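Only one chain is given next, in structure tokens, and it is the form predicted on its own.
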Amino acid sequence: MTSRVSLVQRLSALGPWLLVLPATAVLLFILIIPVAGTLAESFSNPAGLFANYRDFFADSYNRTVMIRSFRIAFLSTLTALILGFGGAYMIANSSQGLKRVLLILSVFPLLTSVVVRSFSFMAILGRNGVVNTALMKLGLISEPMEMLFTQGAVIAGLAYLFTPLMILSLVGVLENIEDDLYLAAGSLGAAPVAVFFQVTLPLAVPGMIVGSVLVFTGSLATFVTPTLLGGEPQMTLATLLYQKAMISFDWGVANTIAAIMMGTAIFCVVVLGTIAGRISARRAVH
């Protein structure tokens, strides 16, 4: 009887682990093993452990592409942060009914394909697109401007692509700011602008950091939008990786690029997560 009770207790203790075992196995085979294999391949050059990385950074074209990728990801994140903060602030301060409508509208682009959204930007920024047509009718330009296949087009497309993620990251944070803080600041004579910069903005920093991590890593890794809106002149790390893997079949460089992108994403998450943690800890102390 005692042994049977002990067996039941052991099975009960293993129950939670058995429940997560299928998901863990799937995660292991579709994510961890491929990522580990990619990292291992990037260090497998017979010429040396870091030969692939040395060759990659020795090429000035690769360095230019990498710097351009980081610049595009940073500017896309900044643009999405500005647009997303404005949208999230408006949603957080709307009535309950209007808030639902605005939230649905803000996440609606996420329900459509990235290819469709990028093609829509090609129609907007093309020589006969909406922007050029409007500027010519207003008499601001005499002939269509070249907006496609520029860095600005890629940044605009990525900002449009990822701004909904920034909005979703910020709405909850802004909604949780207590009204008493606004009332206290107002009663002390703070102007609305001062309240925004001294109350709203500091308290929204954790949401801004989370949204920035999502947008920056997404902008760095996305492939479709830079390909359609930037083309060859605006080559990024993601498009270079595709070119090396699927066209040149240079898997050594492709694995190295993938490892650099993963390392950058992990670095951003760790650094910004640390900053967010310190801000939260400092706020808890005060």
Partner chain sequence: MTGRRIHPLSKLFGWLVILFLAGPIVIVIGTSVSDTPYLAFPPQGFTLKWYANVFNHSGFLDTFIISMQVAIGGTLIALVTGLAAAYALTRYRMKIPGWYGSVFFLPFFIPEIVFGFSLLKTLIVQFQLPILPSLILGHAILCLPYMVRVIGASLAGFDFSIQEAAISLGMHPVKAFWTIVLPNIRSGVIAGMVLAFITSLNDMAVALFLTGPGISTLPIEVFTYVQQFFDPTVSAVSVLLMGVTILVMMLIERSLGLSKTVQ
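Numbering follows the first chain given and starts at 1. Computed from a prediction, not measured in an experiment: that's the story for all the values here.
One more form of this protein should be noted, the form predicted together with its partner chain, which is absent from this view; the next part is about it.
Would its partner chain be touched by all three of 44, 58 and 66 in the predicted bound form, meaning a heavy atom each within 4.5 Å?
Answer is no for this spot.
Thinking of its partner chain in the predicted bound form, which stretch from 138-146, 201-209, 99-107, 67-75 has heavy atoms inside 4.5 Å of it?
Heavy atoms within 4.5 Å of its partner chain in the predicted bound form occur in 99-107.
Can you check whether residue 171 is within 4.5 Å of its partner chain in the predicted bound form, heavy atom basis?
The answer is yes: residue 171 has a heavy atom within 4.5 Å of its partner chain.
Taking heavy atoms and a 4.5 Å cut-off, does residue 159 contact its partner chain in the predicted bound form?
Close contact exists here: in the predicted bound form, residue 159 approaches its partner chain to within 4.5 Å, heavy atoms only.
Closest heavy atom of residue 115 to its partner chain in the predicted bound form, within 4.5 Å or not?
Residue 115 belongs to the contact set for its partner chain.
Answer yes if any heavy atom of residue 83 is within 4.5 Å of a heavy atom of its partner chain in the predicted bound form; otherwise answer no.
Close contact exists here: in the predicted bound form, residue 83 approaches its partner chain to within 4.5 Å, heavy atoms only.
Pull the contact list for 199-236: residues with a heavy atom within 4.5 Å of its partner chain in the predicted bound form, in sequence order.
221, 223, 224, 227, 228, in sequence order.
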